[in-house]
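Okay, here we've got a single chain as structure tokens, the form predicted alone, with questions on binding and movement later.
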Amino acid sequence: MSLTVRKLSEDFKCQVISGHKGLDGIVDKTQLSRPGIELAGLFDFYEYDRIQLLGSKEITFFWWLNEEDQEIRVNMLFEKKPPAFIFSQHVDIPEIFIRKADEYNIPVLKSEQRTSELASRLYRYLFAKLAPRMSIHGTLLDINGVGVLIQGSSGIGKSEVALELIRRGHQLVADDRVDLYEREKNFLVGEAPDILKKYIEIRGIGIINIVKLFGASAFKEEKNVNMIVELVHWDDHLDYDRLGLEQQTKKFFDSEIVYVKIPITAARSVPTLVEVAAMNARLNYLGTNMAKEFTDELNKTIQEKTKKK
């Protein structure tokens, strides 16, 4: 996924001070650079291919330099042609940066956020925009804080299950197509493509906007995926897990996600089953395994009866 300086500046509501001709330049690195050591004259480790973020510390040091060193070092910063320079709140941008930006066609942006907050937000933003992605078929919801990805064959009723869960107060993230990226190992994030956000398709009714039907609280921009629920048609010839002791997983990128297969029939309330599966996953995460508790109690009872005999 490509990201331009223009898009970044718009999303962060930055003021473009100079270097307007470079706004269509590409940002392709998820990391930031804080060029303090470079202003001191050491360019051996200059990470010029990243967004350059300057706050009060960098600019305070800059003003300690004499005019000749200021000119030399700022020129060296621009010579390598980084994507852009962003100055944080409460920082007065030195005139030389404004001048060099137009000379090299490299944007100089001004943010209204403090340096630490800006750095944190930029890192999350860049990682979300530039991380490797995959698109899968399914419906993603936030059920009591648990990110549940519902999968199953076409027409099995994923969207209808999601609609009922939204009606019960849970949140839709994405329907039909879910875009996934890995923020870190075992931290998989899902979101909807821009064109599909807030929409859900119900066969026989059509495309509906769940925010207009249920309010803004019914939709969430993104959610980490905690479990995958696959809906399958009941097959009398198969044996299904009745205790829940064996935990299966599915792998996306380097992340292993808990996987549950739920067989469905006309007599089973699928939204309730998915809701309970999410609640059970949450309990497991908190350290309570109900299946293990049951088998432990059962074994204890058997052992006690055996001793009595």
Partner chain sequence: MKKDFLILNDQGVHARPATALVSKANEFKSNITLTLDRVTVDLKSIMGVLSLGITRGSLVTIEAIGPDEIHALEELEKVVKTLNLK
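Residue numbers count along the first chain shown, from 1. Values in this document were obtained by computation on a predicted structure and should not be read as measured data.
Note that the form predicted together with the partner chain isn't included here; everything after this is about it.
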With the partner left out here, if you bring back the partner chain in the predicted bound form, are S135, L196 and R203 all within 4.5 Å of it by some heavy atom? yes
Taking the partner chain in the predicted bound form as the reference, which of K110, R99, R177, R114 has a non-hydrogen atom within 4.5 Å? R177
So which of L213, I72, A216, I207 reaches within 4.5 angstroms of the partner chain in the predicted bound form, heavy atom to heavy atom? I207
Of the candidate stretches 124 to 132, 86 to 94, 218 to 226, 169 to 177, the one with residues having heavy atoms within 4.5 Å of the partner chain in the predicted bound form is 169 to 177
Residues in 140 to 156 that come within 4.5 Å of the partner chain in the predicted bound form by at least one heavy atom, in order, are S154
